[in-house]
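Given as structure tokens, the chain that follows is alone and in the form predicted on its own.
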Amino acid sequence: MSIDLAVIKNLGGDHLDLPFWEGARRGELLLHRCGICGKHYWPASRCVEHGGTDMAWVPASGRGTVHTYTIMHHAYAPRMAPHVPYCVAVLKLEEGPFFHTNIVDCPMEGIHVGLEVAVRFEEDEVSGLTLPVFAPVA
């Protein structure tokens, strides 16, 4: 089953992000990496130093730390009601880029800046996409 580009566009992405979503479906977190300097980017991008000619999607470690977060106590979308409260976080991935995600499998009071987390993947029942979410490192 292929990924529907219309779904990606509806979520604010574009065709350049398709390899990321295909990787997520396989259970693999991918980042865009410059082949010249090795800097990683998310979302798909051009290297700020070397442009876009030597960019490639590469597997990431799937680990990072919570940089900032918020606990949502209101379901702004009806489908989120069963999940309240839930955590929306910005992570600093080991490879360098920041990544927006949800923190799962952790009591809300256990989430803090600097918390070490690792990726896991969950299928979104509405979009059909496989989403990377993060849980504390045991």
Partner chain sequence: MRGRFAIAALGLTEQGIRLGRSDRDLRGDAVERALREAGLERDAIDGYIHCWGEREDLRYLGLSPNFSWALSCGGATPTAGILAAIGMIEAGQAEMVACVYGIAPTSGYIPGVPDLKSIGAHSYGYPSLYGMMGAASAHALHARRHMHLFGTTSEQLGAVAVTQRAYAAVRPGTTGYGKPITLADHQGSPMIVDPFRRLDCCRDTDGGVAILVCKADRARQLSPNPVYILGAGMGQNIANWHKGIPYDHHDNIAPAKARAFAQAGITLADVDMAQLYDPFTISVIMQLEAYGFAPEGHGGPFVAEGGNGPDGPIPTNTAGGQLSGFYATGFTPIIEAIVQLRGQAGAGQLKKADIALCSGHGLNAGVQNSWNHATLLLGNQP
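Only a predicted model underlies this, so the values are computations on that prediction, with no experimental measurement involved. Residue numbers count along the first chain shown, from 1.
The next section is about a form of this same protein that is not shown, the form predicted in complex with its partner chain.
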Candidate spot Leu31, His50 and Glu116, all three touching its partner chain in the predicted bound form (heavy atom, 4.5 Å): no
Under a 4.5 Å heavy atom criterion, is Arg26 part of the interface with its partner chain in the predicted bound form? no
is_contact(His67, its partner chain) in the predicted bound form, heavy atom dist at most 4.5 Å: yes
Going by a heavy atom distance of 4.5 Å, is Ala56 a contact of its partner chain in the predicted bound form? no
Going by a heavy atom distance of 4.5 Å, is Met80 a contact of its partner chain in the predicted bound form? yes
Which residues within 28-48 place at least one heavy atom within 4.5 Å of its partner chain in the predicted bound form? Lys39, Trp42, Pro43, Val48
